[in-house]
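One chain is shown next in structure tokens, namely the form predicted alone.
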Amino acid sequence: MTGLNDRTAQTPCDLKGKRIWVAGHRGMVGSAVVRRLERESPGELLTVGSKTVDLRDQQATRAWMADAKPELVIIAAAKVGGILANDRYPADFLYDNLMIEANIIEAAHRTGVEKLILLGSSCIYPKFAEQPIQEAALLTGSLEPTNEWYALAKIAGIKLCQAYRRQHGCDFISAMPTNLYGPYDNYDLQSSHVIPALLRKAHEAKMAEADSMEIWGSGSVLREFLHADDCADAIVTLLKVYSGDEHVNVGTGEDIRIDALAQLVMDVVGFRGSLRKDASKPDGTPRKLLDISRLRSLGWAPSIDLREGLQDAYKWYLANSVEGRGPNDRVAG
């Protein structure tokens, strides 16, 4: 053991010339990370699709990593979805995500990966955590039931990184982004998150010249949103300078009511109808705002404001949707 758990938070890591594997490069976050890493002059950016290597398969994952020999690894591969998808497929969300992260982390240890970062989600925190949510809030209360399966898998991933750090001296870290959006998002209304769902609903309402657009719940809950390109920039910052034992929140430090977000989306899309609220549908956690003090102390801050980011996401949707649908990679590999 090298005692990495006792390191200070800042341990420089030069990305130039390194063989870097982005697991989940076809997804929204993974593709943004690839774009951002290209500015760092890596030696080689490694990618592999899920049709070539099923990351839920331990032997296949080990074999590919032993052959590819990455020096740095970013785990952006995951099975993701909104409230409806989490409710319908709890076993898939728990099993798939546990297997993906466990197989990659174990193989990274076996092949001597220099540094690894696991990407999780702010849903790891208790439903009624004190706001804004500090990293120390983890495991201090009950999870939000509508996404607990995904959250449990990501909590296990955080702990697995910490365990390999403590037992084997691996420089494995974790980052917990807030709600993300941007190019390559999932616009399938059965499995999408809130921003792509709102963008698609507003677009379809505009095209149909409808009088109104519906959103789920009361609209009063508060959420924080971060553009995928900002998230990718934060990940690169963490790879370069952070080697602490604790996970790091990644967000904007600002939140917005869902009904206000819906109105902003409608304005960006150009839909002039009214907003209807289906109060029979669940709201989820009342508020979820991350404390990003730890990340800011490393010199990072977001650069894309919400309106600008929504305009970018809608532009991508218009250019890539087929009959109103964007890509639906439910397991990003």
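What you see is a predicted model; the values in this text were computed from it and never measured. Start at 1 and count along the sequence shown; that's the residue number.
Another form, the form predicted in complex with a small molecule, is not on view; read the next lines as being about it.
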| field | Within 4.5 Å of the small molecule in the predicted complex, all of Y187, H227 and V265 (non-hydrogen atom) | value | no
| message | With a cut-off of 4.5 Å between heavy atoms, is I292 one of the residues that contacts the small molecule in the predicted complex? | response | no
| Residue contact check: R26 to the small molecule in the predicted complex, 4.5 Å heavy atom | yes
| request: Indicate whether the small molecule has at least one heavy atom within 4.5 Å of a heavy atom of A60 in the predicted complex. | output: no
| query | Does any heavy atom of K154 come within 4.5 Å of a heavy atom of the small molecule in the predicted complex? | reply | yes
| remark: Within 4.5 Å of the small molecule in the predicted complex by heavy atoms, the stretch out of 155-163, 176-184, 131-139, 236-244 is 176-184
| query | Considering the small molecule in the predicted complex, which of L45, V53, I304, A68 comes within 4.5 Å of it through any heavy atom? | reply | V53
